[in-house]
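Before any questions on binding or motion, here is one chain by itself as structure tokens, the form predicted alone.
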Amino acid sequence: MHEYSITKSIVELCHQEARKHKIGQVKLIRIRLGRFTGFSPAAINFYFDYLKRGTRCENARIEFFEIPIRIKCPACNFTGEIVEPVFICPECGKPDIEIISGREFYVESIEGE
């Protein structure tokens, strides 16, 4: 359900930016989405289809780019991606890891005319 409020913020942001830059209609919204956020692109698209009605985003679509979960282990200096959010170092098995990417969520760009 968090996707509803996130999607509402996306629509508001894009509408404001379109007005500010004199864009009549937003056509494409590019979003960087960290895997660790847990947000579902399908749910965001579902709410977007509803929330964009009557706004400058009405004919827009969203393109998602996933940011993988990357960690760093201070014990063995391993740095790399993990597929599952299992928070132990895959090299040495220590649990004291640092997440260095995968939490991001932002609008990268907005295109329109």
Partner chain sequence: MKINVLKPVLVSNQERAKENRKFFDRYNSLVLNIIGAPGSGKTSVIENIVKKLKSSYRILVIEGDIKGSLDSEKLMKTGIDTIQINTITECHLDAFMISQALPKINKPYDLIMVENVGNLVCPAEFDIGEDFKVAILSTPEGDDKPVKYPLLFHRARVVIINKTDLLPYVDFKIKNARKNILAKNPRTMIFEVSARNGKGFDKLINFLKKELAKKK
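Positions refer to the first chain, counted from 1. What you are looking at is a predicted structure, and each value in this text was computed from that prediction instead of being measured.
Note that the form predicted together with its partner chain isn't included here; everything after this is about it.
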Query raised in the report: Candidate spot 49, 68 and 93, all three in 4.5 Å heavy atom range of its partner chain in the predicted complex?
Result: no
Query raised in the report: Is residue 75 close enough to touch its partner chain in the predicted complex, meaning at least one heavy atom pair within 4.5 Å?
Result: no
Query raised in the report: residue 99: heavy atom within 4.5 Å of its partner chain in the predicted complex?
Result: yes
Query raised in the report: With the cut-off set at 4.5 Å between non-hydrogen atoms, does residue 37 touch its partner chain in the predicted complex?
Result: yes
Report task. State yes or no: in the predicted complex, is some non-hydrogen atom of residue 86 no more than 4.5 angstroms from a non-hydrogen atom of its partner chain? Result -> yes
Query raised in the report: From first to last in sequence, which residues of 91 to 113 have any non-hydrogen atom within 4.5 angstroms of its partner chain in the predicted complex?
Result: 95, 96, 99, 103, 105, 106, 107, 108, 109, 110, 111, 112
